[in-house]
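This document opens with one chain alone, in structure tokens, the form predicted alone.
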């Protein structure tokens, strides 16, 4: 074998690998461009304190986005995330206000979140209610119930050192961001290395074929929604530590940011395709855009317009990159 032939083999192996990750490479480029632009026009954007704020805001989106990735890969969607986070935070705030021990209040929130998520899964998997309709019902019911229970006022409770710690920093990083990265590692492992993760992709790719292969499609659908509810509860705990109150108006629009981060990250809304790394980069993209626009002093209404345009542009670029990699695959 000549030297030139030997050197060309790694290159031939490297090219398909790079083309298979065009989505992630494109997002890294977009984030780099955003940092250059906002670093030039927004005072304080590159400061250490602002990077910590980006991580803290990103955790609010990211924890729920890991579970939403599994839901969308399974061919479903969960739009109840925002109201569920607010409702669970209100319930936990009431439990603490009634002087129940913190572990009881937090465990109650986690169980409640899992149960609410599983109920949406049962509606989808057992009663064949489209997941958009099932979670839209939850979205409306939970938001209205939280507002009714609180009269749209924050629910305060006695100071708690543990919640203060959860809302603070550890080694210079927000505790919520550390939780987000730990959960990210767990979801990467679950999606890539476990039979459950492979089953989720199989169900999203072709549910009938997955059923014929012996996969319990009903169980997979219920479990992914239960996990989504559980992650909403963990997000509610982080929010409770950060705000120090339970607020029915909190997490307003969170479901939009979560779904946008997952889609920007390259997960197909038709199911069967997506990656946790892509979602991580999607979360970073959404968070950096929001932070940069706020620091630049853009009107809050215009922020939504600009953010929407940038998100659609990012998705179009990713779709083009995915098609290009597909042609070369």
Partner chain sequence: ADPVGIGAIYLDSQGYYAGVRKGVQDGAAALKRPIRLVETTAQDDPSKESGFIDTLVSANVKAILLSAVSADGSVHAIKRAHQAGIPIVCYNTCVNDTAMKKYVYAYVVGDPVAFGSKLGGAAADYFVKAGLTAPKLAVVNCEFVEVCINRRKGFETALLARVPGATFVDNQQGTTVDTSVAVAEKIMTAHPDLDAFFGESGGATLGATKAVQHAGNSKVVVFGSDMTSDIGHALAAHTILKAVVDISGKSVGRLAIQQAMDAVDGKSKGSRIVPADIGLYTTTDEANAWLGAHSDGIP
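Since the structure is predicted, the reported quantities are computational estimates derived from the model, not experimental observations. Positions refer to the first chain, counted from 1.
The form predicted in complex with the partner chain is left out here; the points below concern that form.
Engineer: Would the partner chain in the predicted bound form be within 4.5 angstroms of a non-hydrogen atom of every residue among 49, 251 and 291?
Structural biologist: The answer is yes; 49, 251 and 291 each reach the partner chain.
Engineer: Even though the partner isn't displayed, in the predicted bound form is residue 53 close enough to the partner chain, meaning a heavy atom within 4.5 Å?
Structural biologist: Although the partner chain is absent here, residue 53 would touch it in the predicted bound form, with heavy atoms inside 4.5 Å.
Engineer: Please run the contact check for residue 102 against the partner chain in the predicted bound form: heavy atoms, 4.5 angstroms, yes or no?
Structural biologist: Flag for residue 102 set to no.
Engineer: In the predicted bound form, is there a heavy atom of the partner chain that lies within 4.5 Å of any heavy atom of residue 35, even though the partner is absent here?
Structural biologist: Looking in the predicted bound form, residue contacts with the partner chain do not include residue 35, since no heavy atom lies within 4.5 Å.
Engineer: May I ask you to check whether residue 239 falls inside a 4.5 Å heavy atom distance of the partner chain in the predicted bound form?
Structural biologist: Result yes; residue 239 sits at the interface with the partner chain in the predicted bound form.
Engineer: Just one of 110, 243, 173, 183 has a heavy atom within 4.5 Å of the partner chain in the predicted bound form. Which one?
Structural biologist: Residue within 4.5 Å of the partner: 243.
Engineer: Which of these stretches, 41-49, 276-284, 62-70, 27-35, has heavy atoms within 4.5 Å of the partner chain in the predicted bound form?
Structural biologist: Selected range: 41-49.
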